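Quick heads-up: it's one chain on its own, the form predicted on its own, in structure tokens.
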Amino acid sequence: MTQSIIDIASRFLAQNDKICLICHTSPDGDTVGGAFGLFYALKSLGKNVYVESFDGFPEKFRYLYPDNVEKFEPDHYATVDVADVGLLGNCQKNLSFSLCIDHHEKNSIEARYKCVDSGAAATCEIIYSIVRHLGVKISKQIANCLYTGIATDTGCFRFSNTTPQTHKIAAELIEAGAKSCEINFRLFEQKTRERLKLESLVLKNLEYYFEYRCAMVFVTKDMMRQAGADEADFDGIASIARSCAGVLIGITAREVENCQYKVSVRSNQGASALNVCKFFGGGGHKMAAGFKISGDMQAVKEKILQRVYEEIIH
């Protein structure tokens, strides 16, 4: 992480006020944890700031949210963990962004200042550096937020994006009061009955291709209804497809509308999820990426498998 981008972001935040921090749609721990971690840091400096999620805030991260947030007409908008305006859903409204803080390899956000480091395991790693550069003491609230984002995007430190620096930052957050054991249990072990039912349906419908080097599952709206599952229950389901020994690429295609699918691709060492998704206009990280696609289920399956074949075989 270059010090210059941290300097630029920190200087902007120190010199400006009335800031709205924006999360991406289907908020995960990194966008929510990063935004609220920065929120608490800026509030400690006397700044007027609030966090906006146009999809609402997931209940699973309730422990991060303040009881009351006062909204106002902001002078500045800053995106947190947002790689593309398409990830802002219907809220785009031709917003002009003053600052973009992100860690995705492919970032197309147009902002006055960009603080993007694809080498960071999570956007919360970058925000940790910004908070320290601002001279803000890492409180327990901030530590819980940033630890949540780092744990989320590293799969509880299991993914290949985890670096020595990741562990060092996590250790400092724990020393500052982050409830690591409680957060890890909440994020990676505790599951609703609906989630467990959905997992059983996913396992039942999992299909293997290319001598078990690819696993694919289509999660239909009917499967979601059978399980009684919602958006929060679906979080993390994409990791199931690549969990079988020998699988290089796992595909999870969720039906969001009739003949419209949101596809999550997860890969293991030896293959790139990002390469697959770029072909369909998507993006993300090397081992975890996604895209959207429309069409008949069988036709969609064949298109995806053809691209996966090229990635695995060639």
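Quantities reported herein were computed from a predicted structural model and do not represent experimental measurements. From 1 onward, residues are counted along the sequence shown. If you superpose the two forms and keep the largest set of C-alpha atoms that fall within 1.5 Å, you have the rigid core.
Below, we refer to the form predicted together with another copy of the chain, which is not included among the displayed structures.
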**Study point:** Segment that reaches another copy of the chain in the model of the complex - one of 219-227, 74-82, 124-132, 167-175, heavy atoms within 4.5 Å
**Key:** 167-175
Review point. Applying a 4.5 Å heavy atom distance criterion, does Leu95 contact another copy of the chain in the model of the complex?
Key: no
Practice item. Would you check, heavy atoms only and a 4.5 Å threshold, whether Tyr212 touches another copy of the chain in the model of the complex? Key: yes
Check your understanding: Is Glu189 close enough to another copy of the chain in the model of the complex to count, meaning some heavy atom within 4.5 Å?
Key -> yes
Check your understanding: Would Ser118 sit within 4.5 Å of another copy of the chain in the model of the complex, counting heavy atoms only?
Key -> no
Exercise for review: Identify whether another copy of the chain in the model of the complex is within 4.5 Å of every residue in the set Arg254, Leu305 and Glu311, based on non-hydrogen atoms.
Suggested key: no
Review point. Looking at Ala111, Ile138, Leu88, Leu206, which is the one with a non-hydrogen atom within 4.5 Å of another copy of the chain in the model of the complex?
Key: Leu206
Review point. For His104, is the CA shift between this form and the one not shown at least 2 Å following rigid-core superposition?
Key: no
Check your understanding: Is it true that Ile174 shifts between this form and the one not shown by 2 Å or more at the Cα, once the core is aligned?
Key -> no
